[in-house]
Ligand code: GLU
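One chain follows as structure tokens, the form predicted alone.
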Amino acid sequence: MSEERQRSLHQVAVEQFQRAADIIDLKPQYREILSHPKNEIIVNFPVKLDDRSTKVFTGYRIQHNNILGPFKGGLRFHPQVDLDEVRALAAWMTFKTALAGIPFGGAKGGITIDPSQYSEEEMARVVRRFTHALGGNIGPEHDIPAPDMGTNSQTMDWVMDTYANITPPGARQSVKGVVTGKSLACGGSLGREEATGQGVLYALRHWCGETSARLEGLKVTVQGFGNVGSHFAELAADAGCHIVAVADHTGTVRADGGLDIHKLRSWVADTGGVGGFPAADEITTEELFSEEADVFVPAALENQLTAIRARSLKVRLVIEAANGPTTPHGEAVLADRGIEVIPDILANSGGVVVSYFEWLQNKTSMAWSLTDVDERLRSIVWAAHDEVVVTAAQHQCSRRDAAYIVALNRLADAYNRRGIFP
């Protein structure tokens, strides 16, 4: 496991798209461009803490590609955030938006920080100083951040407000689209908070349609119970799935007949994690990977599904709700065992799709109903899944390779038509 984790995450991201590029014989110049971020912004900024001391934080914004539209991607606040991780996440965003067919490029950002160690007032100062340090490197027609691990709608509200206040007065009401994932009060969209989890459920529904499996009664295990994992679990349980095991950083819980996800979410809201949930049995993290189920949904950090864990899985399907959860060795084991994988750039694209909807609503000063958002989300996600299935059959390749082929064809088409300046 340690050997796998020593690999560069960005190199893994490059290898994934290069494998698909080999299948379609992508032009060398496009391979070269897509192997590197377009811009890398690193900022070190001081923040006054509540005890009147000053601490310098390091923040990143990696802008990978914008041939199809403005840079787009989340802001991650986590102690493990580093340049390599953000490079990989930015690259995956480029392919994710291209696969979804929305007019965005790919970017990612973050701060190396543990938000739980700071007060709300301190975090507000951190976010505002980070936004000020980024300055013109973000903007509603240039680079549009969104929430990711460790950030939420409040974070985005602070970013938007700070950006508006460093914008000339006459333009302040037109820059709400500088970020997506805002609260409804500050220009957010209905359906955005649960959008990624909803997209994961659509992925599961699509697979059921392909395989004639019934959604009702499917046994599902979930690693990670943050925004994505908890919303998916709740939506899936409401649709009739049995969520038999859930893990997060505080522990792992299971129940033979399925966990009561509504009660579990309330428990997590009160205690900060799934550990100790009274209406369940506690098991180890490794036992999660050997729990017998139909579907495993990794919704935590990258590099969690290693070769060792892939050999332990007793499922038919893996849906990658997290970014980069499966190591290359783990992926090879899953392929050898005939376990299907719906890749991250397809499975978790619901968030960026609804971010696109929010951006459109901000540009037009309109507000869509939840029904409109969900119907448009399903249409876009469903079309992407259809294309991946057809492409996988056409090239006799995995879903991951097929997803990258669809994305690469769209990127290559844009480069073929626009050329490379000068």
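The numbering used is simple: start at 1 and walk along the sequence shown. All values reported here derive from a predicted model rather than from experimental measurement.
The discussion below concerns the form predicted in complex with the ligand, not included here.
- The contact residue chosen from 156, 244, 352, 204 relative to the ligand in the predicted bound form is 352, the criterion being a non-hydrogen atom within 4.5 angstroms.
- When you look in the predicted bound form, the only residue of 302, 85, 320, 148 with a non-hydrogen atom within 4.5 Å of the ligand is 148.
- Taking non-hydrogen atoms only, residue 180 approaches the ligand to within 4.5 angstroms in the predicted bound form.
- Contact between residue 188 and the ligand in the predicted bound form is not found at the 4.5 Å heavy atom cutoff.
- Taking the partner from elsewhere, residue 298 is found to have every heavy atom lying beyond 4.5 Å of the ligand in the predicted bound form.
- In the predicted bound form, the ligand sits within 4.5 Å of a heavy atom belonging to residue 93.
- Taken together, the three residues 74, 108 and 192 all lie with some non-hydrogen atom within 4.5 angstroms of the ligand in the predicted bound form.
- Residues with any non-hydrogen atom within 4.5 angstroms of the ligand in the predicted bound form fall in just one of 159-167, 114-122, 139-147, 288-296: 139-147.
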